[in-house]
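Below you will find one chain, with nothing else, as structure tokens; this is the form predicted alone, and questions on how it binds or moves follow later.
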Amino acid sequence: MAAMKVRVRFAPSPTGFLHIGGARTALFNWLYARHTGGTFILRIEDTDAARNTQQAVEVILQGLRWLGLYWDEGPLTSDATGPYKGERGPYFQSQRREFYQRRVEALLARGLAYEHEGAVKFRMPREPITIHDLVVGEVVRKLTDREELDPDFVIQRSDGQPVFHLTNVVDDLEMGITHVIRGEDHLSNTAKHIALFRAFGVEPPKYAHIPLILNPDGTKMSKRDRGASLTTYMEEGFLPEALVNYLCLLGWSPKDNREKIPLAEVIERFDLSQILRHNARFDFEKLLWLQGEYCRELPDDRFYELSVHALAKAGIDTNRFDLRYVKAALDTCKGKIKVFSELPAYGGFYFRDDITYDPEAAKQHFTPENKPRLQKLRDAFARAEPFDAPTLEATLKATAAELGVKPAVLVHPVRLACTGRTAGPSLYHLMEVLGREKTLQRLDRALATF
């Protein structure tokens, strides 16, 4: 008999943002589907109309698309002309009420559920339930002392609204889900879900509860913690491939201690048996390191595109400049920034005429004794031929020697005059990009201030 084809799902509630833990759950489901040649389903658990909004749904869809975690089936989207034309939409629980109603009626008819104060309660079995979890191992769930008194639970509220336990199980059953891969915080619900599957006369799917993502100090990551929301990474200019690589390592181990792993290789190697048992700690520094590695290897065209977008977001319009100038300026920033949100501060001076000087640095470097030195260097730059990085470097060093000072004495005020900051791209290369006219204008402006 042929093995059953793997069918997995990611089933978030649209409550305002996509938690990094949710993104990791989606990723592990998607990876397992790709590894096994199975199907990845997206199901929006939106039966709680009071808490769910279309805007929150969009946050989830945009986040998954940004990560590249496309789902494999669902009703065709009604957005026939938009950017996602032809994409299968996710399943929405709010559109599946008849499935839940039919199942509630079946349980009532067989005496496996009963009405109680207008709601419907499920008769929970009294004997222990064993969960054969592919990550956690075997878990025997016995009723607690409190549950002994009333182990039954509501599956439909008095207003007719189906409850999470019911909708979750009915959809997994109707959609033929073979493996439920979800956060370990759901383990406490699993006995109820297994009991419901058995009440419907079917075997439950295989469960794999993955470890939670914790803060570096071991506390549970809440939505207010640094790095908890996926939107933060999208807004700060992280690369989706860097974040995906990092999330793969939160709870899964390829066993060879490598940290930078191409996605195709992760898909080939990913299996539930390699998911680690202990909770994963979020290490922002390691993510930043990975981001820097991916950023450095970007093809030039993609680097330019993401850079221009980051600058535009900060109100800097690069369209006003010659394309060759823009590319030359951005080339001096490549490999120097880790996330694109750093670019406006790092290289924005190329595209601004009104340079604002760092006040502390100005106090330190725009001094009366530096003024004649900077004037002498400005005049030497005016004569430099050609106006390129090697010539400018030689000119500065020759001027410093003539003045009897170290080159650093001139480097700092020149950089401050040209960029407004004390750190940034290579000084001689940035002056070459700015060109003679702009460089001299900036030096003149600085000299006029002290």
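These numbers come from a predicted model, not from an experiment. One-based numbering along the sequence shown.
Omitted here: the form predicted in complex with a small molecule. The next part is about that form.
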In the predicted complex, the residue from Lys334, His132, His186, Arg157 that sits within 4.5 Å of the small molecule by heavy atoms: His186
Does Arg9 reach the small molecule in the predicted complex if we count a contact as any heavy atom within 4.5 Å? yes
Is Glu393 close enough to touch the small molecule in the predicted complex, meaning at least one heavy atom pair within 4.5 Å? no
Examine Gln291 and determine whether its closest non-hydrogen atom to the small molecule in the predicted complex is within 4.5 angstroms. no
Phe164 near the small molecule in the predicted complex, any heavy atom under 4.5 Å? yes
Within 4.5 Å of the small molecule in the predicted complex, heavy atom basis, the matching stretch of 310 to 318, 266 to 274, 112 to 120, 178 to 186 is 178 to 186
